[in-house]
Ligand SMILES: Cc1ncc(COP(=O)(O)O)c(C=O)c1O
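Here's a solo chain for you in structure tokens, the form predicted on its own.
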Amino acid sequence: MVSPTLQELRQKDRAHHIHPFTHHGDMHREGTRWIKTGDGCYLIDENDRRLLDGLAGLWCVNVGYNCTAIVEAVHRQMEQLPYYPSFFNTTTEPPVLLAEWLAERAPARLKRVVYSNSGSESNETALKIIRAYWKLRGKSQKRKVLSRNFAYHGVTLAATSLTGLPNCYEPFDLPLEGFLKIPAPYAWHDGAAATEAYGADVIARTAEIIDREGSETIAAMFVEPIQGAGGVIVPPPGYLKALRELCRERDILFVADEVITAFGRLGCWFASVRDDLDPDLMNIAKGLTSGYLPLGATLVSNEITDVIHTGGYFAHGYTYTGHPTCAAAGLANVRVIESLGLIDAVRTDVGPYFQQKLRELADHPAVGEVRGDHLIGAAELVEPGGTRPPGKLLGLKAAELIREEGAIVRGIRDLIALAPPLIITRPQIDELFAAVRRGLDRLTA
């Protein structure tokens, strides 16, 4: 069979494929990009150019491309039993072993796991569990849900309602009723410094909203420890602990969305453990399999699970909930992270070095602020003279130039975001930031 040419593939793509998060007119006018293969921290495009992947796919390919251990684990499981559902009082081995692994390392109260296929679905699952929980406790009036401006929690109907990015919810006439937004600790956006005092002010404004709505009507608050797709918003000192305490005081469930922050990106398995957030539920995906196969999960506290079990039949789940092959990929992935010592490497070596190189970028005339935590970071971009350029989309322009210089980063509004694979080395970090600097040089030329 003769393989189609690149031109033929582009024609087929234009005719049949709707892409996510894409302006299709622009894409097809310029020509769809193609990625042929991957190798460690690199991607090889249609022109055989090696591109250093500074975003780890979509914040997820933590162990890099072509990880033999995951590929072999998937192959073995596909040969043994490619699929069987977790319905009908039945299970398979990989999801059970992975659930045990997660429970042993997750925040102390989170001992139960509900699988799904993505981060969006893990948040959707959490929302349904929360509604069932309060109903079984005789508090059905607690239905409102809080999330922050600039939050990203997914794109299913309810997860989009949680998301605090207008370009995600406005085209679909969302959010749904009962989804409320509270301030994000986005100091740069507010023209402030990310100090403890600023964080306290954001907490005070959040408390005002809760008190105005009535905490007796609020079911839960969804929180990313670092707001990823919203712009790598790193909270100021003391903010997260104060937010968690506010939820305790007001009897509001605290849900940690760790779809991006879990599995080593911050030099720990879970930010909720590192920062002692003690969430009532926690959502994960992305780095759970390093993106090799789709898998998400909602971790639930014993207190909530015990109440849910009193309700009898649990009428929730997906055809692929607890998919054995996806779970096998997840189990192999976390074992690779352990065997390579990637958590320690990110915490003590490449993470601090990445942050050093990011801070050095602050002297560039196109950069107004840098911020980050271990292997995740962002640079806010400014026009000549330091003028803030709202709406100019400098981030998207910079990302294009940086790609031409040999590295992939994400452009978001007027900023660029970086989150490379955990296997990245110091020389590769140098290569990444050299490409970023060359791209920014061209942006200001």
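Numbers for residues come from their place in the sequence shown, where the first is 1. Fair warning: this is a prediction, and the values are worked out from it, not measured in the lab.
One more form of this protein, predicted in complex with this ligand, exists but is not displayed; see below.
Contact check for H323: every heavy atom lies farther than 4.5 Å from this ligand in the model of the complex. K286 belongs to the set of residues with a heavy atom inside 4.5 Å of this ligand in the model of the complex. Contact check for N123: a non-hydrogen atom falls within 4.5 Å of this ligand in the model of the complex. For the chain shown alone, Y152 is a contact residue for this ligand in the model of the complex, at least one non-hydrogen atom being within 4.5 angstroms. Comparing 254 to 262, 325 to 333, 366 to 374, 126 to 134 against this ligand in the model of the complex, the single stretch with non-hydrogen atoms within 4.5 angstroms of it is 254 to 262. The listed set T305, T206, S86, S118 contains one residue whose heavy atoms approach this ligand in the model of the complex to within 4.5 Å, identified as S118.
Along 193 to 232, a single residue, E224, places a heavy atom within 4.5 Å of this ligand in the model of the complex.
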